[in-house]
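Shown below, as structure tokens, is a lone chain in the form predicted alone; questions about how it binds or moves come after it.
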């Protein structure tokens, strides 16, 4: 975020109050982020002119209606990359950055990594840029998300259109996934509800696509290959049991930075 001129502060403070009154949990951050977005390279200016003020007011009004900040700016930061996002694709969350940490040590030259349910390509692109030489494949079944994935992949990641259950053609050293895992009917914030339903809901108990991902990983991974996936905080015992049933060993649960049970890893049993 670019530094803002001192004279812009009054407009940003008023916007932050408006967003807070609308229930936006990150009101001050979002008000400043929208001002920086509107002003661009001119963010150090002392004040808005008439045109930028009107544009800013429109964006603040949309954010007050709980339209996601990332839909307004068109970008979402993730680790060291900035992703193009918008309606039709899941907005990557900070907690998923911890999932990347779990797989980076297994990636590098001559490694084949597959990101199932890739969405915007956040995980795949992070691996490709942080571990150069990794052959990264991003698999996404949504026709709405695919243009965003292709745009972000930029030729660095190989893009495949298809579901986890159908993908074939590679023998992987690493499979990673942040699948849809919310149980149907769960009450979610408006910003979450703005994400495509196919990227959120994982069936009645939230585990339908998790089971598909585990089964696909058991098929795709070479013996000794690593699976790492994100899940709901309430799902860890069920996910670990699923990995064990599918023959994974060294099955381990991991917490995110807030201390919630968030990830599971397992190694495909050697032949």
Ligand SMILES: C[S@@+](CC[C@H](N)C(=O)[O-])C[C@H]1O[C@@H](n2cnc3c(N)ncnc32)[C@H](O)[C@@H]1O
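Positions refer to the first chain, counted from 1. Not measured: the values here are computed from a predicted model.
Missing here is the form predicted in complex with this ligand; even so, the following discussion is about that form.
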| query | finding |
| --- | --- |
| This ligand: the contacting residue among 174, 164, 76, 126 in the model of the complex [heavy atom, 4.5 Å] | 164 |
| Partner-contacting position among 198, 72, 159, 84 - heavy atom within 4.5 Å of this ligand in the model of the complex | 198 |
| Exercise: residue 96 in contact with this ligand in the model of the complex, heavy atom 4.5 Å | yes |
| Residue 148: touches this ligand in the model of the complex, heavy atom cutoff 4.5 angstroms | no |
| Non-hydrogen atom contact residue 212 with this ligand in the model of the complex at 4.5 angstroms | yes |
| Contact flag, residue 142 vs this ligand in the model of the complex, heavy atom cut 4.5 Å | yes |
| Region of this chain that lies against this ligand in the model of the complex, out of 150 to 158, 85 to 93, 103 to 111, 128 to 136 [heavy atom, 4.5 Å] | 85 to 93 |
| In the model of the complex: members of 177 to 204 within 4.5 Å of this ligand, any heavy atom | 178, 179, 180, 198, 199 |
